[in-house]
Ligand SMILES: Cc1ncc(COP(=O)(O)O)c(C=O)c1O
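In the block that follows, a single chain appears as structure tokens, in the form predicted on its own.
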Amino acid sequence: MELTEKPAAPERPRTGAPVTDGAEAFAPPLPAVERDWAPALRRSPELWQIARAVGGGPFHVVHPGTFAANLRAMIDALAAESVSGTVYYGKKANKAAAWLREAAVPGAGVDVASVPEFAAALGNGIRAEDIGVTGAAKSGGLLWLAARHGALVAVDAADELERVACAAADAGRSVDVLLRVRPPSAPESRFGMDTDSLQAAVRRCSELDGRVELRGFSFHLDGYAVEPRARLADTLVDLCIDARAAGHRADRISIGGGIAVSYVTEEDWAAYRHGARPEWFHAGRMPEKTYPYHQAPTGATMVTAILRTESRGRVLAERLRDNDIEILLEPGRALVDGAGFSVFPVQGFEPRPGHGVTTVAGLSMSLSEQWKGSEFLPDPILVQRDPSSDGPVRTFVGGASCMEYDVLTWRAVRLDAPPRAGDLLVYPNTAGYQMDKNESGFHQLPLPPKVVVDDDHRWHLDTEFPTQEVR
């Protein structure tokens, strides 16, 4: 059923920052779908204690309990289909160490692509055999670590296979590898091997004198669709069967990441997309592309949908079971969905005709979507230090630097009251790629700290390695 935009309720104009009646003047609201812990913390005095403790600058809040619930749901989704597998946390989604300690459970691991990520995983309790090493043309140091510790390595090209074999010889042990397949739907991708290169790599694994053991195949697809992942996974099962006939173990396939997340409701997303126009954005800076902020299915439900997708008369789960093949997942964003938010103290508000200008402490680099020419669309939330009865305003939100393009929110969003210096502006559900992908110490500003909270609002700063009892 096609959804249509609902007219916004009339709003009382503010002096210097009038709010115009009618949905055509401004974007409809895009309130975030949140887990219960987040609004509860925003309403509690602990949020202000944290703000004072970190020194008045921006900070990120992370909630490991939500990560653990997301992870458990995916592990349970595999078990419900009687499929063996491992859920690897794609560490690039968020640098907080707190997530790693939650991933140190049966059925889980960590996906890394650098020496520091590998070291962080080991230092936070992840066993080496539960570490997956991905990325193109890996450094010699990373391959050396993987070989020494016995991690699983996704091999991206023929020359990398030779380098893995050299690292294995140096370590005096065999290295388990997956061969990464270049998706037929992305023939120009710089990642993975085409059919001829893949066949040659399988043959080469047989010639490497036991220095590598071919455990299977992997891929990564752009987008968040179920059917293409299930279809290509089915092809990888065939590759495993063929590799076994050539004497290889070939008992695993990895379908990468791309497990979908929904930030807003279907109705709100449809209302936004139905009428999106440059006039909704300051200076007409409407992004050409954004993340699809509502999707279905998502998270563990999407994992189940992939496993239940039929190909050639049989569902993927059945093919995996019948051929004794494990499935590996590498979600990042989907595991930290609902598990964090970012807080920017307000430094000033300038009323202007149409919409005002709010300036916050910190930089838009701490909300990474803007630095991709895009926009993080879920509505920010104003938390007032001293509640005001003044009516709502529309505003865009800029960072504290001297750059015109240092803007956290180009869209003229509705806040319940005019923001004042000392208030807090909270961006919800930012743990997936938003918090630290592009952060920089520009202007010699410190990077925003990450604060770890639990359901009882007890909190501490995130630490690189455990400093106290973890459980």
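These figures come from a predicted structure and were not determined experimentally. Residues carry their position along the shown sequence, with the first being 1.
Beyond what is shown, the protein has a form predicted in complex with the named molecule; the following relates to that form.
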Is the gap between Ile259 and the named molecule in the predicted complex 4.5 Å or less for some heavy atom pair?
yes
Is there a non-hydrogen atom of Trp410 within 4.5 angstroms of a non-hydrogen atom of the named molecule in the predicted complex?
no
Does the named molecule come within 4.5 Å of any heavy atom of Gly332 in the predicted complex?
yes
May I ask you to check whether Lys92 falls inside a 4.5 Å heavy atom distance of the named molecule in the predicted complex?
yes
Three-residue site Asp111, Thr134 and Tyr433 fully in contact with the named molecule in the predicted complex at 4.5 Å by heavy atom
yes
Only hit among His294, His220, Arg252, His355 for heavy atom within 4.5 Å of the named molecule in the predicted complex is His220
Arg394, Arg180, Arg211, His282: which sits within 4.5 Å of the named molecule in the predicted complex by any heavy atom?
Arg180
If contact means any heavy atom within 4.5 Å, which of 364-372, 312-320, 144-152, 332-340 contacts the named molecule in the predicted complex?
332-340
